[in-house]
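One chain follows as structure tokens, the form predicted alone.
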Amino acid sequence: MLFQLKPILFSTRFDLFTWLLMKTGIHRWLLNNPGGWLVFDITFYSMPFLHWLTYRKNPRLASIVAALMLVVNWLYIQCFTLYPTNSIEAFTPWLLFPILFMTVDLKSFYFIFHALRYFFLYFFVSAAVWKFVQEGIFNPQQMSAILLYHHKEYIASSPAGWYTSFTYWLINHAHLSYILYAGATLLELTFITGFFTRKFDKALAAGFIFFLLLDHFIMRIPYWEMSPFLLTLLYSKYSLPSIYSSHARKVM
């Protein structure tokens, strides 16, 4: 959370929306007002509950609350990821899922739900394509160099730790670490099947969980904020006519 992060500096990303947000000065205000951290945290994490409560009491107003949640999420996540300890890519579901709850009928819900699924597939496939474009997949030393660069602070601060020894072992065995790199690329490429069929979505979901576990352990990158995208794979089997059944209403 923001109050746990206790930000003291920020980094500028190279995108227009971030620059427009920074023009408001809200990120600088948060640096100097610790009370604002807690306010931002409470507002951000209470929005899903507020939407659920509104939907229970007055469904007609739920889409308005969802639109408000979309604004809150974009403000919070933009600020949160400006402080250089987080990646905005990991928070993509939190930026997009409020759009799903802004829908007012099941048909719209269905199409936006699958649009999020296709975006998730694109997210993974493009990561694999980027490895080819940047030619990293053709360099046997690539993963070894990535590990050395990514873990340099940890290696310097904890040279005697077991994880440092494990990392050194992977760095010194470049061909073995390259197999991990190539395997991750292949796993990312398998998500292209989702563009043509939904039969393998559960397998892709299992692969995604496996990817998150390895990414956290080997790269120390916690991408768990991406996990809401799992829903788009687990519930993709429902066709448009079936969402109007009473059973599908309960599931969706």
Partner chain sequence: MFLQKVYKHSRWLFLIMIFFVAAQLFINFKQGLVISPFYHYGMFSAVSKLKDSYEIIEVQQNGKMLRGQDFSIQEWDKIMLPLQYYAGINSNNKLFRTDIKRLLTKLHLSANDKNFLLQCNYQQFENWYKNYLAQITNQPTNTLNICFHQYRFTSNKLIATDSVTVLSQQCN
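Positions refer to the first chain, counted from 1. What you are looking at is a predicted structure, and each value in this text was computed from that prediction instead of being measured.
Separately, the form predicted in complex with the partner chain exists; it is not shown, and the next lines address it.
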Exercise. Examine residue 83 and determine whether its closest non-hydrogen atom to the partner chain in the predicted complex is within 4.5 angstroms.
Key: yes
Quiz item: Quick one: is residue 211 in contact with the partner chain in the predicted complex, heavy atoms, 4.5 Å cut-off?
Solution: yes
Quiz item: Is there a heavy atom of residue 183 lying 4.5 Å or less from a heavy atom of the partner chain in the predicted complex?
Solution: no
Exercise. Consider residue 23 of the chain shown here, and say whether it contacts the partner chain in the predicted complex, taking contact as heavy atoms within 4.5 Å.
Key: yes
Quiz item: All three of 38, 68 and 197 touching the partner chain in the predicted complex at 4.5 Å, heavy atom to heavy atom?
Solution: no
Self-check item: Residue (of 104, 145, 179, 75) lying close to the partner chain in the predicted complex, criterion heavy atoms within 4.5 Å
Solution: 145
Practice problem: Pull the contact list for 6-20: residues with a heavy atom within 4.5 Å of the partner chain in the predicted complex, in sequence order. | Solution: 6, 8, 9, 10, 11, 12, 14, 15, 16, 17, 18, 19, 20
